[in-house]
Each structure stands twice: as structure tokens, then as C-alpha cells.
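Below sits a lone chain in C-alpha cells, taken as the form predicted alone.
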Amino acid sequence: MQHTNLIFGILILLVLIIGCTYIPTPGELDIIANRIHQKVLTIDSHTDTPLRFMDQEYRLNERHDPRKSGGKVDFPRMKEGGLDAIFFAAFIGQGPRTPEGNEKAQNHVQDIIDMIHKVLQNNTAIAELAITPQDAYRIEKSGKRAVYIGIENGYAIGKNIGLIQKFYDQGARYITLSHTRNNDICDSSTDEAGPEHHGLSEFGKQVVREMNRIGMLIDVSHISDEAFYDVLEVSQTPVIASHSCARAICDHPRNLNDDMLKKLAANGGVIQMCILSAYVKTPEPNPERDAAFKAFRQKYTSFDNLSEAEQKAARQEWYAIDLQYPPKLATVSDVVDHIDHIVKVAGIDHVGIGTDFDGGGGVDGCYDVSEMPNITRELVKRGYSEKEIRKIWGGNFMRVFRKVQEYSQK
């Protein structure tokens, strides 16, 4: 350890003395990046890993091969990748906006939250539920992994605003207001039907105010541009985009344009860089993959009417197609191109990391959680300081988290 510390100190001294003219060797970059990665608190603000262990066969305390099982996250690989804290999303796809549909969605999200708690109860030696910003630092010092809960898609609350408090009391700390289709809260950025509310609905404005009141983070990923601006107008606290990218680099409606990035910065919020390849870089044509997934969607026209066993079979079929016809992935360098752009437009205080692992996230060089140090390595290679990397890997997100909770305690 003393030898490693000495080498690290010498490398930093060289950089300071020689300045920009000194280019570290690949080995030196590894030493610097690994040291920084281990020192700073690292948090991934969005993963869909509960989709994996909901079938109770994917054990988080066992190491998996992502190119065989498909799973991108487990506790052994979190340790390998130096990831200290993670958000597990209780995800619900958009279904019928009826009393019956809303009840089914609520129950499904409740089941996922219960399963997260169960998994943590079964792994107390290696992981712990986190509910405050301070918890991540405390849990990290104990050598465990900190697990937060988020809810992806406000459809989970239907039209029952009281469910926000209920889910908060069970550990949920953010709600992504919509997903791929419009709901009763707001419009989605990708609903083929087009805008319904032209931003937030009146109910959606109530939802934002209630989330402010109780200290729930507001997640603007997936929502339409109009809804984004409405949220910033209504919210009294900074907001997050838990897994989004820069639209100027990859022109996708899921990403934030430069004006949105500037407005997010003015709000004091943070965009958590998503590493889902299609949001990072416009994908090259892949006819076989497209045809396979088109056939899949035709076969499973509605997941809402499937039994639990049928849903499990559908998930496995989806994963099998993804493995059989892999897309050409964007790279870690492409990911950091987005970070560079966001820093240029919004500032270093307004960017973080939200991979979307197990929801499609993964790029060449950071295909699963074990490879997350490669992002740090690329940041070091481009000249980011330890202070800046600390902000990107968790400091910025935690600042917003604290502001949101402080507002609710006034």
C-alpha cells in the first residue's frame, strides 16, 4: 500500500510540475484512475436490476456473466467495479389508465419494492438499504453496498396522490414521472400518439408539489420537453434526470437539448449520464435485430394480460434476442463526449452517472458494473481532476438529494 501511495504521489507531482505537456502512460493512467475511483463515492442513479431478480432465480450475491445470463449488476461485480451505491428502479410499463389498470400497476410496484427489501434482508453482510444522502457514505465506510429505491413511471400512483407518501415511507426516493407513453401526470417524450397534456396535467402539478413537500426527488428522464419546462416552473427544489444524455451529441427525444441543460443548471439540478448505447450514439442499421424485436412485440402485444409465468418467459425471450443479435455499441469514449458537452453547457456541478443497466444500458468498455472504472479512466485521460470526478460520480447527485430533503424539513 505504501509503495502504491508513493507511485501515485510521484505521478500527481509530475502532472503538477510538467503540466499539460506531460502525458501519462497507459499504466500510469490506470494507477491514477484506480486510486481516484476507490477514493470517491460512486453512485449509479438508475438500474433496472429488479427486473432480473423478480423471477427469484437471479441471485444478487452470486457473480454472473453478462454475456450469458445478460444481467449487468450483482453485488460481487459492484465490488469489483468499485460502485458504492446504486438505485434499483421499481419499474412499471404504461398500461390502461383505468381503476383496474391503476390498481394492478400499484400492486406490481409494491411487489418489486417488497422484493428489493427481501433481497437486502437476505444479504445483510454485503448490502444495506439507504434512504438519506448520508447513508451512502456511512454504508460505504462499512464496506457494504448502499441500495436506494426509485420508482420508474408515475403510472405507479395512478390518480392517488397519497401513494407518493406510501412509497416514500417504504424507501422510494425518486419517481420518474412518466415512461414511454403519456400518463395522468404528464406527456412522455416518446409517445407516438403525441402530446396529450402539452406538459404537466393539473394532477401532475399537484404531484410535483407533493413530491416537494415530502422530500421525494423529481425525475425528468423520459418526459416530454414541454413537461420538463413545466416541472422546472412548478418545482421548488432542484430536479434530476436519472438516466439521460445530451441531445446535441445524439439526437434522440429521450435526451436533453442545450437549452434544457442550461435550464436544469439554473434549477440547480443534475443530469445523470445514461450509457444505453442508442441514447449515446445513433445506432447503425441492424435488420436482423430489428426484425427479431418486431416479431417479439407482435407476439406480446400487451404484457398486462400475461400471467407471471408468461411474463417470465417473455423476459427470457427478450434477453435471448438481445444476446443473439447484439447491437454495435457506443464506447466509453462516446459516453465521455456527452459528459464533456454537458460540462461545457451546464457546468461541472450538473452531471452524474445513471447507467440504465438491465434496462438496456451498457457500452463497449463499460458493458456491466464491473467495468465502471473505465469511465473514471477516460475522465482522467481527458484531464478531469479528482475534485471534478468526485462531483461526477456522486457529489452532484448528493447535493441535489440533500437540497430536496432540506426543503421538506422546513
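In this text the structure is predicted, and so the values were computed from the model without any measurement. Don't overthink the numbering: it's just position in the shown sequence, from 1.
Keep in mind that the form predicted in complex with another copy of the chain is not shown, yet the notes after this line are about it.
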Exercise for the section: With heavy atoms only and a cut-off of 4.5 Å, decide whether Gly158 touches another copy of the chain in the predicted complex. Expected result: no
Practice task
Indicate whether Lys144 is a 4.5 Å heavy atom neighbour of another copy of the chain in the predicted complex.
Solution key: yes
Exercise for the section: Consider Lys104 of the chain shown here, and say whether it contacts another copy of the chain in the predicted complex, taking contact as heavy atoms within 4.5 Å. Expected result: no
Practice task
Using the partner position in the predicted complex, report whether Asp259 sits within 4.5 Å of another copy of the chain, counting heavy atoms only.
Solution key: no
Exercise for the section: Would you mind picking the one in Pro238, Gly199, Gly171, Pro133 that has a heavy atom within 4.5 Å of another copy of the chain in the predicted complex? Expected result: Gly171
Fill in the blank from the handout: From Asp251, Glu192, Glu100, Asp114: within 4.5 Å of another copy of the chain in the predicted complex by heavy atoms is Asp114
Exercise for the section: May I ask whether Gln311, Asp322 and Gln324 each come within 4.5 Å of another copy of the chain in the predicted complex, counting any non-hydrogen atom? Expected result: no
Fill in the blank from the handout: Only one of 259-267, 329-337, 276-284, 118-126 sits within 4.5 Å of another copy of the chain in the predicted complex by heavy atom distance, namely 118-126
